[in-house]
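Included below are structure tokens for two forms of one protein chain, each presented in isolation as structure 1 and structure 2.
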Structure 1
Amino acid sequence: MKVVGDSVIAFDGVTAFVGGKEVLRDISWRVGKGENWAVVGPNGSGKTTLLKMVGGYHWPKKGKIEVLGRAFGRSDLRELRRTIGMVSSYVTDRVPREQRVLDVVTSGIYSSIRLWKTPTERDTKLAASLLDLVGCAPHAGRTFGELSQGEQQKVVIARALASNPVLLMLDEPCNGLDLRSREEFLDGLTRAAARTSMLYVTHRIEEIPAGFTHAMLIRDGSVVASGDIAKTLNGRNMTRCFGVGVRVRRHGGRFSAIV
């Protein structure tokens, strides 16, 4: 596959090592404009590593990566990151526990973990409205470390939206969310899916928001199947991917796995 300049993401024969171990093997993948991808695979299959590579937090040992038309190594990653939102425990773990919740979200506007300039009134208003959107307005003045796991997750989601990203990456974003919060959040993603490119990583296909167009199934660092979501997320591919007999049901644009 040739890396194409106008795609959102292009991986060309990418191999990655973590801690001396090969965790992604010869991945060729292209995400076109207007596509929203679910990346599905068992624990340890390489999903988070794949997202870290798209965000420029981890580099390939072999192969080429292009994100939003820019090749890694030739562009300023800080600038690229400003256009990419990431919701992941990797980000959550880096939020200073003593930081005020409102400031956590405001810092997302500048895509930095700590605030590096005094926020304008406009930035503060935007951050407050995003906190309201995720149902965390009452927590604005508390410190991040005081919040429950689910509340922290919602704040990190608001933070990721603050930079109005062209590409939003979500790594198991429903972890810690209760059923109602999860469904409200997934509804919000379905609405946003029409205007933002998204990568949604999960091992639970029940969590893939309606409106997602494509899926990639990975196992042990290799692609099992990839392409149109309805064709890719079938029982045969899921059985190969997870190593247990799985049937897949589709209902109203959502999926469920029956083991």
Structure 2
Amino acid sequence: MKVVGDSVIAFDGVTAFVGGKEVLRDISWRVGKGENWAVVGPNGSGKTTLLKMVGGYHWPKKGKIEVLGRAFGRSDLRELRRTIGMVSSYVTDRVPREQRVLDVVTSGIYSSIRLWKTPTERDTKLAASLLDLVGCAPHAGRTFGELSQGEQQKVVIARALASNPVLLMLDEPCNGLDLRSREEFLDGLTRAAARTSMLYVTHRIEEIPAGFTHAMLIRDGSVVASGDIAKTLNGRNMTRCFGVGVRVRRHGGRFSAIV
């Protein structure tokens, strides 16, 4: 599926409720082609609901949504979802630990967790090339359970890319990772950033990979600031977003917050 128009994601005045509670309020947002966005905010700010809405799993109470040029309510969302990759702890936890790493990635071509059919030579070559892209080619013959957490997350990135998604969404993918595993994972993500548009949801700005172009800060369901990442992730905006005094430092394309 190709992007129709200029926007990968377009929200116009979107308001959403969960369990009768308003969780997103009047969100207007554009993600353009070639942009990689970090969505940052405290727990309970509405980040995960936003992600679900992009994937067509939660509908707005008010407003309009278009993803990859397809308007919700006038498009086949099943077709749309096949063009969106997902990386999260939920996906990682479902991968069988005894499965061979190359097969984990190959299964992504067929949008399944296990590999239920004999792959073609072309599919195997594609999976191998994606493992090489994220820096895990030497692990192709190992089992998934033998890898470190960071290596496992990189394999899940490769798996998500196997279906050639136009958009890759990442929901708090560093949860549970120690420092080394986190950096292994972010290294693999940085390698993959040029292949597709990315949407990265987190409450820790130090987890945002180098090379991301834009950021949106949300608090209590409303946008605090949005735009170019270097202009958006500053102390004033972060203080407003998290309700505590924050200084922001940038080094080598990465950010850190000091309270």
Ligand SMILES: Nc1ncnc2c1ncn2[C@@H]1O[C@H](COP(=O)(O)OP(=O)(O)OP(=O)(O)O)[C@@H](O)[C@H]1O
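In this text, the rigid core denotes the largest set of C-alpha atoms whose superposition between the two forms falls within 1.5 Å. These numbers were taken from a predicted model, which means no experiment stands behind them. Throughout, residue numbering runs from 1 along the sequence of structure 1.
Structure 1, not structure 2, is the form predicted together with the ligand. For the relative rotation of rigid parts between structure 1 and structure 2, the listed residue sitting on a hinge is 164 (options: 128, 164, 220, 213). Superposing C-alpha atoms between structure 1 and structure 2 shows the smaller rigid body rotated by 29° with respect to the larger one. Superposing the rigid core and comparing between structure 1 and structure 2 gives a CA shift of 9.1 Å at residue 135. Superposing the rigid core and comparing between structure 1 and structure 2 gives a CA shift of 6.6 Å at residue 124.
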